[in-house]
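The data below hold one chain only, encoded as structure tokens and taken in the form predicted alone.
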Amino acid sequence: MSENAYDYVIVGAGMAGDAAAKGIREVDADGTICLVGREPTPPVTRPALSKKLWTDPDFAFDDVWLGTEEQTGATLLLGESVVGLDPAGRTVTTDAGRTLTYGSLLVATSGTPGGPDVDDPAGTGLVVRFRTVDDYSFLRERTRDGGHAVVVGGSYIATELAAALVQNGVGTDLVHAEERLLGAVFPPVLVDRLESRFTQAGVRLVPGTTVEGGSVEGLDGPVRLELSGDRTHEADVVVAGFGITLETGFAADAGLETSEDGGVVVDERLRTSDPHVWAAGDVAQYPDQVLGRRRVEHVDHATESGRQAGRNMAGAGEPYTHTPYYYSVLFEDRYEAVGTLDASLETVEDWQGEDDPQDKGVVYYVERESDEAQDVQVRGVLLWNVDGARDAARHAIASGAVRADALPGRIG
């Protein structure tokens, strides 16, 4: 076998790619593996970059590394992106002009984070489109002595970063476009609780606001933001917690079936429209046995689908039956969720806290066929400071129609 030929090539050196390499090794102890990753660093426990590294003194920086190379013997080709795929020749080409031949290929890319359009002619990097371990390291060093940060965005990662920064002595503003923080996701009673948590911790909330432009004024800042409503705002560093644009163009260009949102369509075994190519993680548009066909950008899905794709690349031939959950930690509150969390849906709230009802509870997001119908279908379940109930949440979604008044007390 030539130097650039591998039994397995994994495009994407994130958590899905790491899990895939380890999944391959569960079935094939000897096949050659190559991971190609855009980032210059090996796979990391990405959630720690906005959570534990800021808030858990027992979690050290060295704990983020997943040990892919050491545990699997895979070759890591880092700092390069795949820009071309030839399914007929079973090759991929990187932006460095390197061509790799594969027996089986996994598309486990993620995406490029978005951010505000702020001029930075000197390349200071003071507008951080937060995604990578290098982003964490830069932001940590920049805020080591406190200072003033503006977090832009109303996403899960934006709220995590704002909470992390203020808990580390950084003056923090959170600028987001919605009128209420996470108001599109949570019922009003939880939105009230979260906004109170943030403001009591010292975060200044700037709702209903977008960044229209701005510039970095010098080599050491400040960053001057132009906000909607003809307002301006200054910060020592700006952190963007937006969504991502999927890196799947090479797959679509090669003729693989893709979804409207740019995901790569796979079957129940995570195989694409090409029999030698699989997809997992953020980019995989897969048939969930409970929730239907969907695409998920969360760590549980990345690791579980990555492992299953790796096993199947090595010949296991097993369906992916896992319905993933996602989670976040904001100050003293931890929440987990399965399914669809959409505040426009009807909710059934089962609060179970002793001193404060909202200290613990379950929120069911439901639909009913008509206003008069007694039965509802659970579409999503939020577990607020409730541990060990993810399977129960999945069962509530999968079990079909149920009377709304039967839901309280079902989980807890």
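Please read these numbers as outputs of a predicted model, since none were measured by experiment. One rule holds for the numbers: they count along the sequence shown, beginning at 1.
Here the subject shifts to the form predicted together with a small molecule, a form of this protein not shown in this document.
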| item | value |
| --- | --- |
| V9: touches the small molecule in the predicted complex, heavy atom cutoff 4.5 angstroms | no |
| Contact test in the predicted complex: L49 vs the small molecule, heavy atoms, 4.5 Å | yes |
| Contact of T258 with the small molecule in the predicted complex (heavy atom, 4.5 Å) | no |
| A108, heavy atom within 4.5 angstroms of the small molecule in the predicted complex | yes |
| In the predicted complex, segment of 78 to 86, 215 to 223, 286 to 294, 176 to 184 with a heavy atom within 4.5 Å of the small molecule | 78 to 86 |
| In the predicted complex, the one of H298, H148, H233, R269 near the small molecule [non-hydrogen atom within 4.5 angstroms] | H298 |
| Partner-contacting position among V277, A314, I157, L190 - heavy atom within 4.5 Å of the small molecule in the predicted complex | I157 |
| Triple contact flag G339, A393 and A396 to the small molecule in the predicted complex, non-hydrogen atom at 4.5 angstroms | no |
